[in-house]
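Quick heads-up: it's one chain on its own, the form predicted alone, in structure tokens.
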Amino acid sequence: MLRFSVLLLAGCLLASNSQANDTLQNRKSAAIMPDADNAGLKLPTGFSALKVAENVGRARHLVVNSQGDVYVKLSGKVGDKGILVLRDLNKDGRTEEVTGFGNYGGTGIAIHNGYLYASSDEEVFRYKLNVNGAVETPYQPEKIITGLINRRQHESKSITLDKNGNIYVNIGAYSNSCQVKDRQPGSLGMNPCPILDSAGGIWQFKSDVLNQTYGNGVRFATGLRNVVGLDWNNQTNSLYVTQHGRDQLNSLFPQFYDTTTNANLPAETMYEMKQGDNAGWPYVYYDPFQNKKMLAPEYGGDGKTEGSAVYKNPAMAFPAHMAPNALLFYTGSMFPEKYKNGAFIAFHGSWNRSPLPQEGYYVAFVPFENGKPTGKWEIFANGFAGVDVITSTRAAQHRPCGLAQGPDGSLYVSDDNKGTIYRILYNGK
């Protein structure tokens, strides 16, 4: 009985300490003053925002360590630095110190089990973190994956990790639709598509083994044209990805598709991918109006013929060409309960919805219930573009690219156009 009482008391103390830490973090966040205009963003009631930093470079994905330091992966180096470290020295929520390391550009970055992982367009590295979440040897990374294909189209290597020592790497297809002549009108698709042997899917590697190549990895999932956003869902213990759908239905096959159809097809898609799953690229695309996988015109489709049922159905579908560049499952305690275990998606924005206005350029939220998306989604943070009607990408001032959750549960968003880092807080009721 005494032992049970001691254990019960210890459990209460741990819970009390955890609650105290959450309360302390929320108090720190409450002391941060948002920008008067909420950094130019339109947010739900109770939310506010500030600009953590500006003009840092082409900021792709980002992560935040336990101390609140922000690591930003740049698509191209600034000087000799491809990874920036942003530090808030006076705790006002804004960056006072910028340092960096990593002599390579790229997109992917993650923190997991005491290491910072970062990718170039051909390799993946890791850096040991100390107890304060700082990189111990920034100029001596361990190279864990090398030799990944880069054909200068869909070349970014996004990454995420699971709880069992695995890292997942997107290897985008270096093609629009696996035509014999890429993006040429009327050119038919190669069958089978040879690109899928080394690209167009997600590869799984060990997170702690050095100098792995394709031969050491596993083609975990295939039939994915290009996945820039991916995250491991700890609630379901499964991988979720967001795919960039194919382009140019009308310009490649005008006999089957008009310009308006081209602007609205195909859907951007979210998948829950298990090992061995095939999402169907390049053979099919998803039509959200018919709720069907349609046979691609390169493989005999005409906009009316349904594709094979063997391919994976998406968990969610979104409007065409919006470019989902980041996916983040929210596990914090700052935001209201409806956001817990739901998914945030950063839509980078379209370039090819003419004659319709361009679309995206915002952060969306997908509610989940019982480990599955509800089928509904909403715009969470808008206004990045700075204009209401976007006729071209050049008109957009900022373009959301990366998402990260801070230790207090706030949400960070990167912009790879002007290099702005945003932080979104909740102080409402």
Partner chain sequence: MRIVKQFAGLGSFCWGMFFLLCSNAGMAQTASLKSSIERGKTVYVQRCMVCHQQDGGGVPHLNPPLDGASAVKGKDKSKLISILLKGMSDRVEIDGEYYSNNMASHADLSDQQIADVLNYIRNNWSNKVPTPVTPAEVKSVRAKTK
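Numbering follows the first chain given and starts at 1. Note that the coordinates shown come from a computational prediction; the quantities given were computed from them, not determined experimentally.
The following text describes the form predicted together with the partner chain, which does not appear among the structures shown.
Contact annotation for the candidate site: 152, 184 and 251 all lie close to the partner chain in the predicted complex (heavy atom within 4.5 Å). Proximity of residue 399 to the partner chain in the predicted complex falls within the 4.5 Å heavy atom cutoff. Although the partner is absent here, residue 58 sits close enough that one of its heavy atoms falls within 4.5 Å of the partner chain in the predicted complex.
At a distance threshold of 4.5 angstroms between non-hydrogen atoms, residue 354 is in contact with the partner chain in the predicted complex.
In the predicted complex, at least one heavy atom of residue 394 sits within 4.5 Å of the partner chain. Contact with the partner chain in the predicted complex, defined as a heavy atom within 4.5 Å, holds for exactly one of 341, 166, 95, 358, namely 358. Residues with any non-hydrogen atom within 4.5 angstroms of the partner chain in the predicted complex fall in just one of 298 to 306, 277 to 285, 205 to 213, 184 to 192: 184 to 192.
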